[in-house]
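Encoded as structure tokens, the following chain is the form predicted alone, with no partner shown.
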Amino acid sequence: MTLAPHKKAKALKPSSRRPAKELCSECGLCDTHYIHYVKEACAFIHQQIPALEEQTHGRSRDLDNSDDVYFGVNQGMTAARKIEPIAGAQWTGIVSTIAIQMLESGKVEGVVCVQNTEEDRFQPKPIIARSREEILAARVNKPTLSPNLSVLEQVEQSGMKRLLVIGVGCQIQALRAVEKQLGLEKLYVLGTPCTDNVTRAGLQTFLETTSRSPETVVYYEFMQDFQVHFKHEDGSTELVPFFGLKTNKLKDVFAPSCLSCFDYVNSLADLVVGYMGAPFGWQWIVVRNDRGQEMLDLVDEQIETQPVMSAGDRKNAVQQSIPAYDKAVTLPMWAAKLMGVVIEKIGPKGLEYARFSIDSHFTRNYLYVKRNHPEKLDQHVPPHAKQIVSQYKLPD
């Protein structure tokens, strides 16, 4: 990959242009003078996961290794949770704890993370955190498109040389593509898996269509028990079965960038912390390289771990979900709850649930790109995703 000298980029001013057009994920790169690199860096203009894996991890994923194909280059996976959870964290607070330890140990001078605005708990506000308090103020996922990379100019202006960036796949691919232009001595990347983000307006539609009390939702997550878990201000949890979602109203609410994404597992981060490959109540941790292990080692005494596991068979469930989503099928709530109970008992668990989720999204996204951007299909879909999708029969 050849990039023009950084000095050319510095001559440019931030722009509201979006070269990826409707596929823009609003990662924030185009809000900086690094827009100069966007045609090389943007995940939706120039997909280059294998090349960037080689650059970042020293190798790209082995397509003969199933774990590599699904979960990316890694040195190991584990399930973990904090022994003493952080109050108000979405899970037990592993991501926030790692960020705090990285900062307070002096390994980094700042942490790129996302708080919310004072007016709206779901409106993202990227910052460079320089204190424990600023990191803790960023806890809880923001399920909307977020311009994390918009702070890159502030990093440059600050003169800091050691940085931790927390982000999702599309942001991290762009970051890796311009990494050498940032003038950093050390960059650490802590990633989270990501799928199906929305605009702020799209989020409102989802909440109003799905939750009993959209105005009191603090956060939510699509969980391993095949239910959406909504956490409310009063501490209560509302459960809505996947199969009872009003698909006909929600089918178009997700951002086109998310419907065109094939990096669910954040393959270019050093360390990934999510939930989909772990038992309920635990976090799934993927160490991709030595920097990732270095970060995880910092919190070794604050977490308990157990080996990852895998059970069940996802393939029939995935195959059946393809036409159901395509036709926007919604079950009556009683049937949705019953199906959820049955699948939760006999369905895929652990890493097999993670594969189920990846398969479901990749087949859907492959169809989306094929139908809406057929000219991009071959180059945009990375080899690992083509291999995964090839297991299933897709509609035209």
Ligand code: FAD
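Heads up: residue numbers just count along the shown sequence, starting at 1. What you see is a predicted model; the values in this text were computed from it and never measured.
One more form of this protein, predicted in complex with ligand FAD, exists but is not displayed; see below.
Asks: So which of 274, 279, 202, 241 reaches within 4.5 angstroms of ligand FAD in the predicted complex, heavy atom to heavy atom?
Replies: Contact check passes for 274.
Asks: Can you pick the one in 114, 308, 318, 287 that has a heavy atom within 4.5 Å of ligand FAD in the predicted complex?
Replies: In short, 114.
Asks: Which of these stretches, 177-185, 159-167, 69-77, 242-250, has heavy atoms within 4.5 Å of ligand FAD in the predicted complex?
Replies: It is the stretch 159-167.
Asks: Any of the heavy atoms of residue 171 lying within 4.5 Å of ligand FAD in the predicted complex?
Replies: Within the cut-off, so yes.
Asks: Hey, in the predicted complex, is residue 228 touching ligand FAD, heavy atoms inside 4.5 Å?
Replies: Output for residue 228 is no: heavy atoms all beyond 4.5 Å of ligand FAD.
Asks: May I ask you to check whether residue 95 falls inside a 4.5 Å heavy atom distance of ligand FAD in the predicted complex?
Replies: Yes, contact at 4.5 Å.
Asks: Using a 4.5 angstroms cut-off on non-hydrogen atoms, would residue 91 count as touching ligand FAD in the predicted complex?
Replies: Yes, contact at 4.5 Å.
Asks: If we check ligand FAD in the predicted complex, which of the residues in 183-205 reach within 4.5 angstroms of it by a non-hydrogen atom?
Replies: Residues within 4.5 Å: 192, 193, 194, 195, 197.
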